[in-house]
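So this first bit is one chain, no partners, the form predicted alone, shown in structure tokens.
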């Protein structure tokens, strides 16, 4: 699946706010390397660098377009291509920071357990994931995919990602005598210019796998059908803008010193 750094950056302020909120809950770090996992175009990496300017910070992402944008943004930092499902975390790490990436990996709780084992004493795993599969933005992606004009392209494919486990699952799996875990939800209400802006937003993330599954000749038709549904689901407010409700799940796990 290919990503577009330019498309992602259209709503950079809104996408970066959860990273700021997550970083605010990260305690001071011990000595050791820090990693921005799924760093994207480097917006979250830039925040980490400002908060921990002395850290040995590396960005990891699987998409070359995102990495190219990150390297342009932060030319003095190291960015590496890596598949987080198979990536081996270095022992003695101070920070694993992941803003909106692990929701794509079904077995991410097991990956979190592996990351925690690689933390230095006092180190932190900090994760934010969208928890929005039950929002109209995502339900309507599936509904549009089931229309007769598009259904053949999706036959036999599982496009919709899995729902996140319950908060209790994260607490029970990650907490130990050496690890303190904090889990919470935040619901953001983004005021966007119009319903078309919502479509542009999800084109950079959740809608991407649906578009990739379609023949090029059908993508415009799918987008038009989806956009019509979005306009009905997100009516304009009195000021003409629309309100995008966006729930997100946060996890901060810190090893005791």
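Numbering follows the first chain given and starts at 1. Because the structure is a prediction, the values reported are computed rather than measured.
We do not show the form predicted together with another copy of the chain, though everything after this point is about it.
If we take heavy atoms and a 4.5 Å cut-off, which stretch out of 119-127, 77-85, 177-185, 141-149 is in contact with another copy of the chain in the predicted bound form?
Selected range: 177-185.
Quick check: do 17, 20 and 171 each get a heavy atom within 4.5 Å of another copy of the chain in the predicted bound form?
Yes, the whole trio is in contact, each within 4.5 Å by some heavy atom.
Please run the contact check for residue 218 against another copy of the chain in the predicted bound form: heavy atoms, 4.5 angstroms, yes or no?
Taking the distances in the predicted bound form, the answer for residue 218 is no, it never comes within 4.5 Å of another copy of the chain.
Would you please decide whether residue 106 lies within 4.5 angstroms of another copy of the chain in the predicted bound form, comparing each non-hydrogen atom pair?
Contact check for residue 106: no, nothing within 4.5 Å of another copy of the chain in the predicted bound form.
Contact test in the predicted bound form: residue 243 vs another copy of the chain, heavy atoms, 4.5 Å:
So residue 243 counts as contacting another copy of the chain.
Should residue 191 be classed as touching another copy of the chain in the predicted bound form when contacts are defined as heavy atoms within 4.5 Å?
Answer yes; at least one heavy atom of residue 191 falls within 4.5 Å of another copy of the chain in the predicted bound form.
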